[in-house]
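Take a look at this single chain, the form predicted on its own, given in structure tokens.
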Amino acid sequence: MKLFRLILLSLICSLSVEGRSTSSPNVRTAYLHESGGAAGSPQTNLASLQVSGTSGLTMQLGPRSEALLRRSHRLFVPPISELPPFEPSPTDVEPPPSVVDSRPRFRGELDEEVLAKLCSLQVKSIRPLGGGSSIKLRVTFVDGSQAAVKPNQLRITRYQAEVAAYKLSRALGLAVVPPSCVRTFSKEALQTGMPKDLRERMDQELVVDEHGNVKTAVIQWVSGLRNMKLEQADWWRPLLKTGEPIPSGKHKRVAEISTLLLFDYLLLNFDRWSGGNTTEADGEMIYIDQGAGFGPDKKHGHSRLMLKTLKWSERFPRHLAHSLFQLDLPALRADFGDLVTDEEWESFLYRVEHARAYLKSLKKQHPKDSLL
């Protein structure tokens, strides 16, 4: 019995020192180092402490055990010299913020890296690209990468419009036009190794300067490009109208098409729906063949005609509408440089104004359905 009392006493002391409450008021008093209760409160004698176990055994602690219990429940506070010093976190040092890389990318590649290659990498070979009614070539660089080349020519396509289209897409926050830049090649380099009929056509159609050089648009090559032939389909046209339910899985494609309509209107690209100029790669629409953009627009006649095509859509992505209204026009004019003439720029401003007005009218008439 004496051994059992000692074990029981040790358990009670352990619970009290750890701060665990028990049903005994005397144990709480000992934990708080209180020798007596408040005035007028009943005193409880530790000698009368009873402990009941699962076996129904009841015991009473004697005076010696009570004194031992009181001594054992005094809280231990180490001296100040043994306490570890408090070291607050430095207030003048902040963790570096997480850096978000917002540099433009096209299909996962940084635009600046793509452009550095397109504009300066040594050319290994130039071959005919074929297709379409304009002269198009394919260049292979020394590292094995490729690009499409559209030279300055008299008919149909304009190399300046291809590069301006890329710059406009970036100004609108879009990543749908392959990066491109202006690069100059000698006419001889462009004709070397070409079939006879193509060389003869180059003699007639290429715009060559006094040094025998031709300016070209060098455009990032997009592998896996597929012709969508949207001009032959009609499923998408009703879905561009407000009030028409968009089936599940079609929201993204509808947004891409309406974006294309607005983009072509701003660019004055009237050649999109002539055939073969709607393409995709890996499920994403890629806008190519913008060589018919800009150009003459006497009294805004072409712009008014293109506005009818823009109005095919009554729904546009919300982020695109925001970008249109936030477009930094002075910065874009500087970025365009001599890619567009002053007359073409004034025509562009006309279309920006009318595109904004059209989107405002849609938002007023259909506030919950005009923005996707």
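All residue numbers refer to positions in the sequence shown, first residue = 1. For clarity, every value in this text was computed on a predicted model and none was experimentally measured.
Just so you know, the form predicted together with a small molecule exists too; it's not on screen, but the next bit is about it.
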> Of these, 228-236, 127-135, 192-200, 166-174, which stretch puts a heavy atom within 4.5 angstroms of the small molecule in the model of the complex?
Replying inline: 127-135
> With the partner left out of view, is Asp264 within 4.5 angstroms of the small molecule in the model of the complex by any non-hydrogen atom?
Replying inline: no
> Though only this chain appears here, would Ile219 touch the small molecule in the model of the complex if you measure heavy atom gaps against 4.5 Å?
Replying inline: yes
>> Although the partner isn't part of this model, could you tell me whether Ala148 comes within 4.5 Å of the small molecule in the model of the complex, counting any heavy atom of the residue?
In response: yes
>> Under a 4.5 Å heavy atom criterion, is Gly276 part of the interface with the small molecule in the model of the complex?
In response: yes
>> Please identify the residue among Leu121, Val208, Ile288, Val182 with any heavy atom within 4.5 Å of the small molecule in the model of the complex.
In response: Ile288
